Every structure is written in structure tokens, then in C-alpha cells.
Ligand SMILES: Cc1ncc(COP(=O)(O)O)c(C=O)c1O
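In C-alpha cells, the next block holds one chain alone, the form predicted on its own.
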Amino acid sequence: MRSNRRSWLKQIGLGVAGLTISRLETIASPSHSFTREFIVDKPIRLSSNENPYGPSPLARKAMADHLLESNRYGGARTNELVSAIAQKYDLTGDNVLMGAGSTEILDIVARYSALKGGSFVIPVPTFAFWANMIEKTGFKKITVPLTTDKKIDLPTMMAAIQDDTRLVYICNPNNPTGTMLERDKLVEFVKKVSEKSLVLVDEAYIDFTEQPSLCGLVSEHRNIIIAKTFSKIYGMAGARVGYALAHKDTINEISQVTTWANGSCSVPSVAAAIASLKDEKFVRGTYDKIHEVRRYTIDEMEKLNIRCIPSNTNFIYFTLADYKKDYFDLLKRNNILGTGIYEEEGKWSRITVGTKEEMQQFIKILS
């Protein structure tokens, strides 16, 4: 069967991302690692918190093996992934809603929350692309500054909730700061908030920590929604697979604002996600490498008078207030993609943790 598949592909060619058959099989090979060899003529990408080591070997093989199923809708395959996710968190399939990355989940929850108008509460800075979108519908945004140590200010967030507040958003660990809330305080916060409105906890980066997910709360609390993704530690940012965990009634309700609930993920992406959940060795290896390279990068940046916030993620938040060179010009001239300024006061910016070689090059150009 595999021989017939290979022969057929050779006859028709494979127009997927410009890959030849040999390249496809090379990428699918468990022994292959994603290194700079594939992006020699492109920038070093340290801007979007992507995992430089993935997808995992099992995920790459699953993508290749299921590519020819792309002519069919993937309902059965998606149901398999939903079941695997539910089992991972000791929930049921009714507690899971799939999306094309957690960004789609954030959009869905925001649209649902805005149906009756009112307001939503969000810290600043945080991951706010979805908030900029929903604000255009008339949904009022209430912003709460971070604490001086760049953490989300839970008491002030609570105080900012109004009678018409429909949604409160928490990203933990937070993007772009990389700071993490104490779990006990966060649990207390979300339970109280859920008595008044929906609370959406974005756990895109929690896999880079040892802190347990809040998913265990969703079965008993209808107004708590957890957003999760395969984009970060699983290295599938371009494959676009994310999901929400919530009470079964809440999943049913927010599904009503989607055109096709659980229908936006491709068959190869879903197959890769299923395989990723089984590849614990890859996940642990990524975790260890990110932590090692992050320590190296922070140590070297602080030697250059660039103060960094302790990070719980695969990125670093830092101030350029005491750095005397033109940081952004150095990045531009050396073909490195970073981000901009998030907070003008203190000139705070963010950089993704790439491979050791990439971060050595990053430090070299700053020195």
C-alpha cells in the first residue's frame, strides 16, 4: 500500500509547500531535526514564540502518512483527537472544542461573550490581538496595568469588573512578559470571577512550566474556559491546532457562534496532534532545551546591561532602557526578526528563545 502511494505521488507531483517527495519523506523521518539548513536564506525568526525544534518526529510522520486523506473531511479523525485530549485531562469529549490554533478559540469565546454587549476586562500588556478585533463590535475594553514586577494584578482586575462585564481574560504565563501567577491565587480568582462573568484562561505557554493546568475546574464551574494550543511546546504553530476546555454546557453554547464546530483543523494537522500527544520524549526534550538556552540568553543579555524579567516561557521580556546601542537596527542589519516596544516607559521588548546557535548569534550581534 505504501509503495502504491509513493508511486502515485511521484506521478502527479506534490505541490505542498514546494516539497518534493524526497523532501517530504526526509521531514517525516524521525531522525531528521529542524535546523538552520532549511532557512539559510531567511531571517533568524525570534519574533513569534515558535518552537525551533518541532514538530516532533511522530507528528511529522503522521502528517506525511495522512496527507492523502486531505480530500476528505476529517470528522472521525478529529473525534479521535477530541477523545485523546479529554483523556489527557480526565474530562469527556463534551468538554472539548477544537479550533485552528488557540487564536480561533479566543475569537470564538470573545464573539460569544459580546453577543449581549457590555464590557470585558484585560491586563496590559498581554496577548490582545483578539481583543482588538472584538472591541470593534462595540464590546467595551477595560484595561488593567501590570504590577511593577510585570505580573498580572489580580486584585485590580477583580475591582475593574463592572455590572455589564461579560468576560475576563488571563494569560498564564503571560505574553509578552513571561510572568506566571501563583496557582492558588489564580484558582481563587477565577472561581470568584466565574460567579459574575465568563473567565478565559489562556494556557498557551503553561507546558513550559511545572504548574498544573486549571482544566480540573471546568466540570464544576460553567463560566471557566481554558484555551490551549499545539503551537508552542508541540511545535505546530503553522499546523493550526488549538482547543478549549470548558463545562459541557458552555462548550455547547460557544459552539453556536461557529460555522462548523470542530471543523476547522485539517486532517494532516489533526493526525500530527494525535501523534504529538504520544511523543513525550520530544516534549520533554524541548522543555529541557528551551530552559537551558533561555538561561544562557538571559545571563548573556544581562552582561550587556539588558535587564530581563524572569521567564516561565519560551521567550524573554527585557528592558532596553540602559542599553546604549541601537538594538532594532542591529537586528535589522543582521537579518534577525524580533518584536517592537510593548511599553514605552522602560522600553520593554520581547525575544523568542531559539536554538542555542541562534541565540549565540543574537548575543554576538548585540555585543
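Keep in mind the model is a prediction, meaning the values are calculated, not measured. The numbering used is simple: start at 1 and walk along the sequence shown.
Omitted from view is the form predicted in complex with the ligand, to which the following refers.
- In the predicted bound form, Asn95 stays away from the ligand, with no heavy atom inside 4.5 Å.
- The ligand is not shown here, and in the predicted bound form it never comes within 4.5 Å of any heavy atom of Thr78.
- In the predicted bound form, the ligand sits within 4.5 Å of a heavy atom of Tyr169.
- The shortest heavy atom separation between Ser48 and the ligand in the predicted bound form is within 4.5 Å.
- Exactly one of the stretches 250-258, 158-166, 134-142, 226-234 approaches the ligand in the predicted bound form with heavy atoms within 4.5 Å, and it is 226-234.
- Contact with the ligand in the predicted bound form, defined as a heavy atom within 4.5 Å, holds for exactly one of His221, Arg240, Lys289, Lys151, namely Arg240.
- Phe127 is the sole member of Tyr89, Tyr112, Phe127, Phe189 with a non-hydrogen atom lying within 4.5 angstroms of the ligand in the predicted bound form.
- The partner is not shown here, but in the predicted bound form the stretch 99-132 reaches within 4.5 angstroms of the ligand through a heavy atom at Gly101, Ser102, Thr103, Leu106, Phe127.
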